[in-house]
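Coming up is one lone chain in structure tokens, specifically the form predicted alone.
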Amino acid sequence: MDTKGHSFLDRVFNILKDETADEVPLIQFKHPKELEEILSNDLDISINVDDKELENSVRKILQYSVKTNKVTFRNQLYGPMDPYGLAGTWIAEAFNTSQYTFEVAPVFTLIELKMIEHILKLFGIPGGDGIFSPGGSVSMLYALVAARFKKFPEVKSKGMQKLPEMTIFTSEDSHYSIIKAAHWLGFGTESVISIKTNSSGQMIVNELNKAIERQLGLGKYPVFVNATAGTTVLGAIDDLEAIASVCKKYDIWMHVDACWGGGLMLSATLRKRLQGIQFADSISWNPHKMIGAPLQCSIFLLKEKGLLHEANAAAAQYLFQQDKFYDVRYDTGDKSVQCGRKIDSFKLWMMWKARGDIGLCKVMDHVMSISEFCLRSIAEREGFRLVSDTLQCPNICFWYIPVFMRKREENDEWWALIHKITPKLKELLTLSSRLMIAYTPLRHHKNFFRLAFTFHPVLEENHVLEILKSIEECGEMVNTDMV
């Protein structure tokens, strides 16, 4: 028996412990070609090495990797993972099985079903269905496939050729995955109608009404409305109740992209912000974002039981035999677009089992409390300016204006300079390993920063103030010669 590699597993914990220690910097940034040169021997796989040399290469690779476990990693809508989730990942990977049939994942199948049942109740659609997926983009594919199949079941066998020209509606601030899904599924990107948002980033429902009427007047078939509960940048939550009324009026499938904001449902006080989500035909939520489940961990929920299987089943005889020795209804893989599928539910189960509804509620409330503190601090701090003072999800968007810019006339030239200062400031923060933070333009707004807060690690007020201090200090290093 080949035991090569088994002893290396004993080293892994120490490697991870060392390379994620508090004193290790967030990032030692190198440009691509420079990094390629530094790691040229380590990246080469043409000749095998012993365990000691392999360990050295792994440590060197981690040395130049981003340490997402840091308080100062604020770059994306995910962050450090829940330690119970990490434990679940280690176990899931070690057992290396697939979620498609009960026979190879008996207890993991029951866990997935139990997690889906619990989350369906949480979102107000008990009796529905669901599946774990790799991420929100795949969940969007599931939603569009289900909506189309519900209206035109013949699409599964005959394709799109004889179907009416369908249209899809989404806010201008929604996630780009809906554009990709429309392309992949043959709707075409021009079928996606963008609906204007208000100053807080929420879809203007009256504009949605008018857009649907226009498409009907053109002889098109409105099939899908994508509402967002937590937009990527501003964290905006659409008026879900009003959108549900529109969808009911026109008999259109309502999907809620709650990939980011779905975590609010964990809080007894905050879930009212998502009032109306219970009327959705489908919902997507990414626990690997705000609540810290290890990547990847996404859930697609569906109100109608059985539709997911009908729309996606291919009935492969070598995998989903109907004459098995157990109840084949527990073979859930044919609901999926994937064949092999990781047991992602187990790491979420580990977190939930350890913390319970009450524990997760407390952390969610704390995250919003810290976000509110950050919002107030930025509003009161000289040199900082909020893009929006409305806090819907734990997103805070703002500009930092260096001292030399503060007394100038805020004309087009001034804003053009701010547009360049923001990415330069991000560069300084990254190269100094003080903070990784996202920036973006949005509609008429020039480049600004987005701070998004997640469950882990648990931030306190002093952490927020240190983050703002880093932005301030690096911001005052920027001058016109740099940009």
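Numbering starts at 1 and runs along the sequence shown. These figures come from a predicted structure and were not determined experimentally.
Beyond the structure shown, there is the form predicted together with another copy of the chain, which is absent from this document and is the topic of what follows.
J.: Which residue, L120, L141, A244, C374, has a heavy atom that falls within 4.5 Å of another copy of the chain in the predicted bound form?
T.: Contact with another copy of the chain in the predicted bound form is made by L141 alone.
J.: Of S194, N209, S98, S267, which residue is found within 4.5 angstroms of another copy of the chain in the predicted bound form when only non-hydrogen atoms are counted?
T.: By the 4.5 Å criterion, the partner-contacting residue is S98.
J.: Could you confirm whether S369 comes within 4.5 Å of another copy of the chain in the predicted bound form, counting heavy atoms only?
T.: The answer is no: S369 has no heavy atom within 4.5 Å of another copy of the chain.
J.: Check L43 for me: does it contact another copy of the chain in the predicted bound form (non-hydrogen atoms, 4.5 angstroms)?
T.: Within the cut-off, so yes.
J.: Can any non-hydrogen atom of E93 be found within 4.5 angstroms of another copy of the chain in the predicted bound form?
T.: It does: once another copy of the chain is placed as it appears in the predicted bound form, E93 has a heavy atom within 4.5 Å of it.
J.: Taking heavy atoms only, is P83 within 4.5 angstroms of another copy of the chain in the predicted bound form?
T.: P83: yes, in contact with another copy of the chain in the predicted bound form.
J.: Are all three of T72, A280 and R408 close to another copy of the chain in the predicted bound form, meaning a heavy atom of each within 4.5 Å?
T.: Not a single listed residue reaches another copy of the chain in the predicted bound form, so no.
J.: Choose from 409-417, 170-178, 195-203, 236-244 the stretch whose residues reach within 4.5 Å of another copy of the chain in the predicted bound form, heavy atoms counted.
T.: The contacting stretch is 170-178.
J.: With another copy of the chain taken in the predicted bound form, which residues across 13-52 come within 4.5 angstroms through any non-hydrogen atom?
T.: If the 4.5 Å heavy-atom criterion is applied to another copy of the chain in the predicted bound form, 13-52 yields F13, L16, E19, T20, I27, F29, K30, H31, P32, K33, L35, E36, L39, N41, D42, L43, D44, I45, S46, I47, N48, V49, D51.
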